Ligand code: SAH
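Heads up, the chain below is alone and in the form predicted alone; it's given as structure tokens.
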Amino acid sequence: MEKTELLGLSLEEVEQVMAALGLPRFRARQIYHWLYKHQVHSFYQMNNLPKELRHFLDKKVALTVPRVMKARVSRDGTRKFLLELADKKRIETVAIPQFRTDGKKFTICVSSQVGCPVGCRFCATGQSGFERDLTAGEIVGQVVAVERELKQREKQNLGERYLTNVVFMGMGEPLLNLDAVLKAISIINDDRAIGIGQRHVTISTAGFIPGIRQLAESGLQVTLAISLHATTDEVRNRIIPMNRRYPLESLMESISSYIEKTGRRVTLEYLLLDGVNSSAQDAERLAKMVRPLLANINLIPYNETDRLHYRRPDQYTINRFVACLTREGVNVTLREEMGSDIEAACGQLKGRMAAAGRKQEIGSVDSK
């Protein structure tokens, strides 16, 4: 008989599972506390549960946290994790350090799908294809797994919390899996679970307009980030295929509507690609697009990978682009990609592991 998976269920849903097993509801709160506050995902480690109950629960229900297959640490403190799911599918999660006076904390960049159906030309994940959506439990499981890993590596008190912000900027298009994303956010926000506030959560989209509208209606106080990356449909069609269905004019209208509906400032992500979208004319068009909006521009010089032909602009071009936006009165931040020495851009580590696996297979065949 298949076990009931508890990871990804609300506390109220776990209480219902306990009741169906003939157990008091307070057992759900104990399990919830162990799982989300201490990142314990074995019933046998929950030492305030009777031994007989631990054995019983292990037979009836499951806590399936993604398994860390590989972890890499950058010179700048960024940590990238390759995680394996129950069905052996693999995803990537990144912990990005925040250098603050109260100690080292991290923003976790989570995946929402295995692979990605959008197919952005500059993205390693986009070139690897799409396999499936993640469940709410698999999304929340990334937070649990990485928090546990950080605590073990830093040898910190189990009550210490390292992850303070969550960004849905990993593998996949979050708004194409919005139901699972919203369910995961409800657990991430819940003080009885992970307890990270809505204003510390960011959802990034390549421009899926129906999802933007649905998010606006959700009432969540999360930050919406739009992967803009171009100022003309000609260029955006080329690098983000979704633009052919949801062109810039419609996208900008949906962003304006989102801001009006929520009163929330939007972040427009703009990846600087040499010779593609980094000219002075691009900067002028971008400033004109943004000025009417309650929005910030986040400029990101491209993090090069040898598997894709795009290149990072030189420093003069980057500085010129920033200066043009600043001169036009646009709120702009220049964000350097972190973890470039460990291939922290999404899809790179998984792609490297897959390539290594193929080489190993080829080598074993050739040696026979």
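Keep in mind the model is a prediction, meaning the values are calculated, not measured. For every residue, the number given is its place in the sequence shown, counted from 1.
The following text describes the form predicted in complex with ligand SAH, which does not appear among the structures shown.
S.K.: Would ligand SAH in the predicted bound form be within 4.5 angstroms of a non-hydrogen atom of every residue among Ala28, Gly141 and Ala193?
M.R.: Judged in the predicted bound form, none of Ala28, Gly141 and Ala193 sits within 4.5 Å of ligand SAH.
S.K.: Looking at 73-81, 185-193, 91-99, 204-212, which stretch has residues with any non-hydrogen atom within 4.5 Å of ligand SAH in the predicted bound form?
M.R.: Of the stretches listed, the one contacting the partner is 204-212.
S.K.: Taking any heavy atom pair closer than or equal to 4.5 Å as contact, tell me whether Phe168 reaches ligand SAH in the predicted bound form.
M.R.: The answer is yes: Phe168 has a heavy atom within 4.5 Å of ligand SAH.
S.K.: Would Glu131 show up as a contact with ligand SAH in the predicted bound form if we use heavy atoms at 4.5 Å?
M.R.: Because no heavy atom of Glu131 falls inside 4.5 Å of ligand SAH in the predicted bound form, the answer is no.
S.K.: Taking heavy atoms only, is Ile300 within 4.5 angstroms of ligand SAH in the predicted bound form?
M.R.: It does: once ligand SAH is placed as it appears in the predicted bound form, Ile300 has a heavy atom within 4.5 Å of it.
S.K.: Does ligand SAH get within 4.5 angstroms of any non-hydrogen atom of Ser227 in the predicted bound form?
M.R.: Residue-level check for Ser227: yes, a contact with ligand SAH.
S.K.: Within 4.5 Å of ligand SAH in the predicted bound form, heavy atoms considered, which of Asp282, Asp274, Glu269, Asp233?
M.R.: It is Glu269 that has a heavy atom within 4.5 Å of the partner.
S.K.: State the residue from Val222, Leu251, Cys123, Ala145 whose non-hydrogen atoms include one within 4.5 Å of ligand SAH in the predicted bound form.
M.R.: Flagged contact: Cys123.
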